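Single chain ahead, by itself, as structure tokens, in the form predicted on its own.
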């Protein structure tokens, strides 16, 4: 391979260390392969398509020593990951042709046959020579909540249209075009936008002075030929860290036209906001890449909903975005570093309204984007939108709002005061850091029912069992001879475990007695007595104890099965303890106890699919009757829609900043002790 002079050490100050970041330095479990850091290596990527289309092929050249994961990310090739390439989530699975070192993390992730076939974790493979890499299809449209609990609103959108038929000017009537138009609009007094003024002379005359004035807030933004008053559209976005949901609205009628969701294209940089913030701190060039990835996500969704709704994007006049503080900063290109380090300061709590073009959207030239205000660095605009949708400031009941994710946001109201906080739950609920974890896509186990015995269940056992949420399982008329009943997204062969399935699995294992109150699997010699029908599923992979949830065939080795490991249980314990500690402390701030809570709202995609009984059993929510626990769905998206349909509701969202008190948990001296108290089941 011929070396470019610029590739040699010292040329233009180039050093391999300059392009390294945490994910590339001494990857855990493997030693770097010796190389001198000069030249470039060539990686030929073959990216499989989930729809069955022909695979995409890309060849890239990178400095030697860069990992396969970063080589792909730098060149816009998405490889699944929730840790951003730091070697902890075990999701970035690729197949590398040729001999490649095997790390201890590879051994934990793949079977012997898979290792021999070249399967490796992309973040641990350093490209020290030319490689051919096969990339499995990425789940770009995970199962997500696209609707949620909302309220009825009085339709009063900021986007207004007025159709007018004007008298043509003559020598006796030489009024300016603008004056002629504004005098005909007797119920509004808009101020003209330059774009509208530029179009006004031509449009008036081409349309024989029969035109529609387009007004957004107090601005005349356009003049359209003919009567287009029934063509008023806006897009509401729930800009999530993992999933982004877009809803195209007909604001003239107040109804949705089309809804779409997809994975946030920032995913290769990490599955949580801290990892993405860290990426910008490690490499200044990462911020514009993250901004471009967020913009590309919004653009793709806008194109999809407009295409499905049969709407010209130029007829979309307004956009509302509900996202956490980090996602909002990244899409606006604002440095998020202060959000990731103490004392966790936002650049602003009320982002400015910008033109859609400023975030890459090709809609109406003067379409504006409204961003929800944030209460704090980790209680962002998505939570404010959720509070707006659920009326947290309007209800006199004691209500607890929980948005479960990598960062869990909590809000509680007693009718007089509203408190909020954030709890670091970690990636377990998104399938991260879980041995067989995956996102909520086809093949993910989302519902589990265990039968300790194969005898007909007693009435008490039926009453105590976790009710499944998948229709096929719920309608099962009698006991299946299989002691493990699974509800799988897409009704396909199980491939892994998503967040709701993780909660179900642990709750069921606690119920049947295979997990004790400390979260430890009981000794193997006790399992046949406690749960005879399940005892053979309690086994080991290496030295780690696991419970087999699904065997692809009866003789399958544990390494080839979908399992729940002891470490997975611990990950869930840490996540649920952080959340339950948060709402316990908020209740104490209000002088309330668990039994005083009258309603729990489980928000977000995870909250839409979790079993309320399972959440109660593991202590994720207060111990209440399950009917008090409501799956609220995508309330952030609902709040974004409300802001587009009513200017009063938008003002209400901004008013919440003055009504809600943020409670910081990290500086409480008793937090760690309270956290430990909440670890048990």
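Residue numbers count along the first chain shown, from 1. Computed from a prediction, not measured in an experiment: that's the story for all the values here.
There is another form of the same protein, the form predicted together with another copy of the chain; it is not shown, and what comes next is about it.
Chemist: Among 300, 596, 335, 560, which has at least one heavy atom within 4.5 Å of another copy of the chain in the predicted complex?
Modeler: If I apply the 4.5 Å criterion carefully, the residue I get is 335.
Chemist: Let me know the one among 98, 528, 490, 176 whose heavy atoms come within 4.5 Å of another copy of the chain in the predicted complex, would you?
Modeler: Looking at the other structure, the residue within range turns out to be 176.
Chemist: So, 192, 354 and 664: all three within 4.5 Å of another copy of the chain in the predicted complex by heavy atoms, or not?
Modeler: Affirmative, all three are within 4.5 Å.
Chemist: Tell me, please, which stretch of 535-543, 318-326, 380-388, 343-351 lies within 4.5 angstroms of another copy of the chain in the predicted complex when heavy atoms are compared?
Modeler: One stretch meets the cut-off, namely 343-351.
Chemist: Indicate whether another copy of the chain has at least one heavy atom within 4.5 Å of a heavy atom of residue 506 in the predicted complex.
Modeler: Heavy-atom contact with another copy of the chain at 4.5 Å: absent for residue 506.
Chemist: Indicate whether residue 197 is a 4.5 Å heavy atom neighbour of another copy of the chain in the predicted complex.
Modeler: Yes, residue 197 sits close enough to another copy of the chain in the predicted complex that at least one of its heavy atoms falls within 4.5 Å.
Chemist: Residue 169 near another copy of the chain in the predicted complex, any heavy atom under 4.5 Å?
Modeler: Close contact exists here: in the predicted complex, residue 169 approaches another copy of the chain to within 4.5 Å, heavy atoms only.
Chemist: Does the 4.5 Å heavy atom contact test between residue 205 and another copy of the chain in the predicted complex come out positive?
Modeler: Residue-level check for residue 205: yes, a contact with another copy of the chain.
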